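Coming up is one lone chain in structure tokens, specifically the form predicted alone.
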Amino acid sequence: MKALRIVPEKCTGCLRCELACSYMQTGAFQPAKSVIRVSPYEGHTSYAPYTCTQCDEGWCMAACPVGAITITAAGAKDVVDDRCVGCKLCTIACPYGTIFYDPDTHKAFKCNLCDGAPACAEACPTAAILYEDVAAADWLADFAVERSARLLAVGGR
């Protein structure tokens, strides 16, 4: 499985990621329509790009009342324009603020990993944004071990 990895220490604030993203999303250079944003810190002496992390929890998906957010082959949670009714519940549900509402189309939009070839990672000259293989999180293993130990302890009395 591949995922975006952001290394803020390497970001110079050049904004190439925002330009590349907006071009891939809209076909024009419109940074306001980019789904990756670069935040300045410490009086513009350091920067940090941020975008949807495609979190396992998928609060945006859970909040959508019409099922307009689906998982693509690249593993991205993507807004299906034809289904989106523009209610903005997904934007409220996202704790990271990385799903946006387009007032022109009245639809939500977010990172779709450019169908497996993120333009932001390609455009980054300092490798502050990487698209790389990651191990799948095994969030159930610790729970299963604890639960099994408790059940065995109770059953062994």
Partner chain sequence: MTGTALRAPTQARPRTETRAVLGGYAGKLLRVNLTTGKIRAEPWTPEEMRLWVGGVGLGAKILYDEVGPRVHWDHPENRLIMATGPLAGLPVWGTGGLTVVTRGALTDGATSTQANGFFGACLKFSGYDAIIIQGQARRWVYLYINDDVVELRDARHLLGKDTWECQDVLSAEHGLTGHQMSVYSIGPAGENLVRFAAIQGDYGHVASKNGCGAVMGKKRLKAVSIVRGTRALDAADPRGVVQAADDIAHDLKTDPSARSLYEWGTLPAVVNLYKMGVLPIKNYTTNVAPAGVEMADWEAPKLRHGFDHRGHQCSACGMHHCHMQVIPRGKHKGELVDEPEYEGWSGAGWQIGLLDKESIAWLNTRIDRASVDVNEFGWVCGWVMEGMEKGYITKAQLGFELRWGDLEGAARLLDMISHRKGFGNLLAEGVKVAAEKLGGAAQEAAIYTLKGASPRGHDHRGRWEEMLDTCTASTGTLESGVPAHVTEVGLPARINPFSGEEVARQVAGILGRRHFEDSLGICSFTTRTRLENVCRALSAATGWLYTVDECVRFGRRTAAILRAFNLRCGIGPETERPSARYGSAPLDGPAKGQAIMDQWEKMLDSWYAGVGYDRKTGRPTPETLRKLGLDWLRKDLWGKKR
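Small disclaimer: the values here were computed from a predicted structure and weren't measured. Residue numbers count along the first chain shown, from 1.
There is another form of this protein, the form predicted in complex with the partner chain, and it is not shown here; the text below is about that form.
Peer 1: Going by a heavy atom distance of 4.5 Å, is residue 132 a contact of the partner chain in the model of the complex?
Peer 2: Residue 132: no contact with the partner chain in the model of the complex.
Peer 1: Is residue 110 near the partner chain? Define near as a heavy atom within 4.5 Å, in the model of the complex.
Peer 2: Flag for residue 110 set to no.
Peer 1: Is it the case that residue 40, even though its partner is missing from this view, gets within 4.5 Å of the partner chain in the model of the complex, heavy atoms only?
Peer 2: Residue 40 belongs to the contact set for the partner chain.
Peer 1: Is there a non-hydrogen atom of residue 31 within 4.5 angstroms of a non-hydrogen atom of the partner chain in the model of the complex?
Peer 2: Yes, residue 31 lies within 4.5 Å of the partner chain in the model of the complex.
Peer 1: Enumerate the residues of 1-36 that have a non-hydrogen atom within 4.5 Å of the partner chain in the model of the complex, in sequence order, or give none.
Peer 2: Stretch hits, in order: 12, 13, 14, 15, 16, 18, 19, 23, 27, 28, 29, 30, 31, 32, 33.
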